[in-house]
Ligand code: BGC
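Encoded as structure tokens, the following chain is the form predicted on its own, with no partner shown.
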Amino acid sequence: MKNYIKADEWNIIEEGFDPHLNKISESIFSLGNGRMGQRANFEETYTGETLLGNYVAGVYYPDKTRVGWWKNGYPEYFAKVLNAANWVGIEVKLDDEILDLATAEVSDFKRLLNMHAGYLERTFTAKLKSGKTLKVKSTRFCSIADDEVGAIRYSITPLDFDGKLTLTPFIDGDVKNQDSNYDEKFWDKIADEISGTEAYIKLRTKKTAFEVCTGSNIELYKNAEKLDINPEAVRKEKFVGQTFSIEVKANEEITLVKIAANLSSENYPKESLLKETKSVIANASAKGFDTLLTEQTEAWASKWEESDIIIEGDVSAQQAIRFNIFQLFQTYTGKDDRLNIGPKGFTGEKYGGSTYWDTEAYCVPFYLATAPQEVSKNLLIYRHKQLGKAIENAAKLGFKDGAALYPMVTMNGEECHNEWEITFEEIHRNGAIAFAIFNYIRYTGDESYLSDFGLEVLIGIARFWKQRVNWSNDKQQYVMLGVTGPNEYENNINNNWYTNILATWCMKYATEAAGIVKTQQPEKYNSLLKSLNFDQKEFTDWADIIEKMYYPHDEKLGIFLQQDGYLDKEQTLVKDLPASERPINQKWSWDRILRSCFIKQADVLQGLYFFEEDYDLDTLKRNFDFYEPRTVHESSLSPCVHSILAAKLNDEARAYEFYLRTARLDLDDYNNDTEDGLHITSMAGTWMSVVEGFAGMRVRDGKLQFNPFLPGKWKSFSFTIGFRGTTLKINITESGISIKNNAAIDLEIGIRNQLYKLAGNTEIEVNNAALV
């Protein structure tokens, strides 16, 4: 665990430069706007350890799978969001000496991520080997007001010398992914152009033929006065830039402003890509850096108005929740239903930037409450558009008749994960997609989604589960063999309780959804079932499986068993593990992990989180008290589920402990892996821990319910949510809860199982005495 980020309510601050922490900071201080993003790499040359990363949403490459032994059904590639052209680069030379923080003596270094306004600022003083000293201040952002534009303002002040300053702003497309399986570079150059202060390069991905045009325009200032300098063009392989040479004197400030843009063939015809990029650059340059930054600040203010969580009395917790919300909105804005949320967002290459089940299980609840309804709906439509591919994925594994198996990892709907125990066996991801449809409708009330999109997906998923189970003559029940549950420290197990319960729930919900569509839109219902070659006998088959499914459990302990034979393992608790042996995924052999009882993340408890209405508190407590002490929480998705369940059990200490772990997972580098990129999808779990955990928010029978408590270190906390056309401001203090309705719609609100009328544009306050 690291602890070098300064506590601040609205800023992420690093003071002092430690090269050993640089890759971690490159992740933490990353920028994005939903359409493109970048790690916090330095603008100037840096020959130290770094992970360069610039990314353009939706642009990927099918890197050839690298495995030792091929198995039938393996995907042939692993799709990767590509490290794209580096547009932030500015080479700085003082006379003939290059500024390089790896070789210079660095002082007064400060990096600041302003989350309220959405920009990154960096200041430092550097003494070069020659003895020359200069001061630098850079400010940059990726605009969410215009998501094709990025901007940099880079100021240099010589402190103790006169001489020649040479600046070479550039765009470098000669890049590769650090995780390239065969060290291949994925881009070909199509065209480039340098004209005065403007530079453009157009690249095309190999195999997939995506095209991206990156352009920039440069302005130079001396002591705030604009300079008119004709630069020298610089052109190399997949590299364009300009060199500006200026005679400077001590204490004169030279400022370079770089306005850049990334446009892709996903949004423009390839033949007009260069022209459109020039137009974007011209419009952005006409506005200028200050206006672009003002627009950025205003756009972020609007987002914070909808989504901020305010915590009084705990700066560390306040900083953490805002950091997580900030990174979620930098990653996904919901404008494009072709895009989704990679586990690392725009902050690193691990997991390939592809879509996992994390989106449906963790991110959908966040966007349902903090963004317009279309945003979460687009996440669901993304999966509907890929239903055909899901049916193809299932067919490759021997399933038929329209059975759909959604991929564990994907960019275009086709499975591209290359580990057998995940690709073939971690099939519970299908259930998360069905649950997201249910969750969306439960929250929004938008049952029309079923007839328009949802029922078709639910039927495909139910068909898969029907074929995936088999009848056990020994048990006289249906069983599910050879699976991997959410706990990936168990592979190829039989009857994972979570997977079994999820499978039958999917068949129940598909049946229920069919009834809703049949009642509301009978013609559409009949047409859909005809197009799917659906036989009414399928409902009967599903009902038989639902009735006769086997669920492993232990009567003596009163718990659901994670899988058959789990209690045959040596039952060691995490508290008895030496600190020197953790994390076990970095210290133990895989064989040893698989034979242990240790759990990577919520598994049985994931099911109890999804379906908590079906179980009483005693059942939840028995299972929580058994499984949590055996959980090592080595998945970023683990602490939030445990925090929410602990809160439901009124276990305030553990609820808060798990909240801090999920909230500051990246800021404090809990798992020693932040340098690979941030854990974007688990950041939604941080929000869930506050809103579903501490505030106890649920939707029951179309009504919002709250069961709040205030963590002991907090004076109060408040948050805003959207719900069915209303915007509600919830404030929880030591004395009770207040809810303000900012719309003209009347609501009924449940607070600790008691219903209250909340008229439009009014506020209710319920004190704790009334809640007893």
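Just count from 1 along the sequence shown to find any residue number. Everything quoted here is computed from the prediction, not taken from an experiment.
This next part talks about the form predicted in complex with beta-D-glucopyranose (BGC), which is not shown.
> Which single stretch, out of 620-628, 285-293, 634-642, 531-539, brings residue heavy atoms within 4.5 Å of beta-D-glucopyranose (BGC) in the model of the complex?
The contacting stretch here is 634-642.
> When the contact criterion is heavy atoms within 4.5 Å, does P343 count as touching beta-D-glucopyranose (BGC) in the model of the complex?
P343: contacts beta-D-glucopyranose (BGC) in the model of the complex.
> Does K600 reach beta-D-glucopyranose (BGC) in the model of the complex if we count a contact as any heavy atom within 4.5 Å?
Because a heavy atom of K600 falls inside 4.5 Å of beta-D-glucopyranose (BGC) in the model of the complex, the answer is yes.
> Although beta-D-glucopyranose (BGC) is absent from this view, report whether E488 comes within 4.5 Å of it in the model of the complex, heavy atoms only.
Although beta-D-glucopyranose (BGC) is absent here, E488 would touch it in the model of the complex, with heavy atoms inside 4.5 Å.
> Taking beta-D-glucopyranose (BGC) as it sits in the model of the complex, is Q327 in contact with it (heavy atom to heavy atom, 4.5 Å or less)?
No.
> Is it true that S25, F29 and D669, all three, sit within 4.5 Å of beta-D-glucopyranose (BGC) in the model of the complex, judged by heavy atoms?
Result no, not one residue of the spot touches beta-D-glucopyranose (BGC).
> Exactly one residue in Y356, F366, Y440, Y498 has a non-hydrogen atom within 4.5 Å of beta-D-glucopyranose (BGC) in the model of the complex; which is it?
Only one option qualifies, and that one is Y356.
> Considering non-hydrogen atoms and a 4.5 Å limit, which listed residue (T681, T686, S216, T331) is close to beta-D-glucopyranose (BGC) in the model of the complex?
Exactly one listed residue reaches within 4.5 Å, namely T681.
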